[in-house]
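Take a look at this single chain, the form predicted alone, given in structure tokens.
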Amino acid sequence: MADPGMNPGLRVSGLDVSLGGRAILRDVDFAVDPHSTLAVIGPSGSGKTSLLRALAGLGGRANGAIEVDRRRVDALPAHRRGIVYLNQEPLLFPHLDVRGNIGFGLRLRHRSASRIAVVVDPLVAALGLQGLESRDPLTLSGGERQRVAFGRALAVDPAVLLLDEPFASLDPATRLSMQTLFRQVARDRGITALFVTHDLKECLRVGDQFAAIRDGRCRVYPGRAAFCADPANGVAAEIAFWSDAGTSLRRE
């Protein structure tokens, strides 16, 4: 975790989120340290996606303060917040190859071809996409498509990256490799991120800080130990399951 004396990369204060006139989240307060990942766990339908979309300015009604690098952004349109939202589905552009997809946001910002190459080429290498630069997205595996989507999000150098269960649709082995890749790239590039998931192991693998959403509330924990100690998060039950499984195997 970053130095507690540092200014947070993302601070959310008194945030209420509603959708279609229905309250989804109430009085949400948290701060994400710079260059850290806040992992937020919660069951399906708990409001995880609604929280991310409200932070990004992409939908729902939100009241409260959202600060990015000490700058209030809650009144700004989505494209001026410095926040990028990475969906569970890669949503790549089928008419662009891998390189074109990664550099798409830079093209929108009218960057030169040489400048785009300076940004895209290191991302291709960091994400293990060498040799795939000219491939059609439809010919890629699920993990490869998600890496391209990740690269596209990073290419525009967001102040905050929001990840909405980005690896949920991948097979277990690919999902684990993507979690490892995310941790490595996040560390190397100093990314400030909020990563939501319903998977306990994924939460513990990707997070530096931890929170849980239940019953319209977001509880933030002072550290990993406190998160694991809360029985509502299921860590003790997970440990007990594998302990019982190990005992059963030894008996056999």
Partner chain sequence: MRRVSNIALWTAFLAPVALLLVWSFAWRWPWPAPLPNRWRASAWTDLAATGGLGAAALRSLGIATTVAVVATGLGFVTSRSVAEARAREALQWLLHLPFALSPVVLGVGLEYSFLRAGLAGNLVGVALAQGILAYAYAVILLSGLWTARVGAFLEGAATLGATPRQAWTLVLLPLARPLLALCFVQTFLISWFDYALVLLIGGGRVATLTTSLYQFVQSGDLRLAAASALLLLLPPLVALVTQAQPRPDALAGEPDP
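Bear in mind the structure is a predicted one, so any value in this text is a computation, not a measurement. Positions refer to the first chain, counted from 1.
The protein also exists as the form predicted together with the partner chain; that form is not presented, and the subsequent description refers to it.
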{"item": "Answer option from 62, 191, 56, 39, heavy atom within 4.5 Å of the partner chain in the predicted bound form", "value": "56"}
{"item": "Listed residue that, although the partner chain is not shown, lies within 4.5 Å of it in the predicted bound form (heavy atoms), from 163, 73, 83, 123", "value": "83"}
{"item": "Non-hydrogen atom within 4.5 angstroms of the partner chain in the predicted bound form for each of 115, 135 and 144", "value": "no"}
{"item": "Contact flag, residue 94 vs the partner chain in the predicted bound form, heavy atom cut 4.5 Å", "value": "yes"}
{"item": "4.5 angstroms heavy atom contact with the partner chain in the predicted bound form for residue 129", "value": "no"}
{"item": "is_contact(residue 176, the partner chain) in the predicted bound form, heavy atom dist at most 4.5 Å", "value": "no"}
{"item": "Exercise: residue 152 in contact with the partner chain in the predicted bound form, heavy atom 4.5 Å", "value": "yes"}
{"item": "Per-stretch contact check against the partner chain in the predicted bound form, the hit in 182 to 190, 23 to 31, 48 to 56, 213 to 221 (non-hydrogen atom, 4.5 angstroms)", "value": "48 to 56"}
{"item": "Contacts with the partner chain in the predicted bound form - residues in 104 to 141 whose heavy atoms fall within 4.5 Å", "value": "104, 105, 107, 108, 109, 110, 136, 138"}
